[in-house]
Every structure is written in C-alpha cells, then in structure tokens.
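Just the one chain here, the form predicted on its own, laid out as structure tokens.
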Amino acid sequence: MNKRDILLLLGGLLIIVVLWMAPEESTTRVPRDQDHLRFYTIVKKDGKKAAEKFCLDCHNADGVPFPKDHPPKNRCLLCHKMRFK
C-alpha cells in the first residue's frame, strides 16, 4: 500500500466516524392524520412545493404557532419529512 491508499482509507474512515456520531433527527415529521392526509396526495401528484403553499393556512400565530427559534417558514418540507410508509 502506498501513501495515497492509506490517506484514502483514513479519509473514508473519518467520514464513517463523523456520520456515526451525527445526532439523531430531531425535526418532527408531518403527521399522517385527517388534517394532513390531503397534503400527502398533493406531494405525490404535484410535489412538495405545491403542498407547502397550504401550510401557513393552519400553522400561524392564530392557529398552530411556531416556536420562537423556528427558521423561515417558506420551505416546510425540506425539514419536516412525510411518513409515506
């Protein structure tokens, strides 16, 4: 084995260690309930951006409020995964 091979192996090992130590996913998933079921259909048919247009109808200051440290609210389904299974 030459120096380049050893560096490649060490780099691969480093990537595996970093991924292994990554924290668990902490973002809540989109519930598969009566309120959200229509969005699953929209995502399958037209994509995530089409479904995200309706999130703020309920998730707002008058309905379901966001936590204080919540990031910008324009791309919900980038973080909040759907339960298709």
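From 1 onward, residues are counted along the sequence shown. The shown structure was predicted, so the numbers you read here are calculated from the model rather than taken from an experiment.
Heads up, the form predicted in complex with ligand HEC isn't pictured, but that's what we're talking about next.
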Do Leu19 and ligand HEC share at least one heavy atom pair within 4.5 Å in the predicted complex?
no
Contact of Lys45 with ligand HEC in the predicted complex (heavy atom, 4.5 Å)
no
I'd like to know whether Gly12 contacts ligand HEC in the predicted complex, with contact meaning heavy atoms within 4.5 angstroms.
no
Thr27 within 4.5 Å of ligand HEC in the predicted complex, heavy atoms:
yes
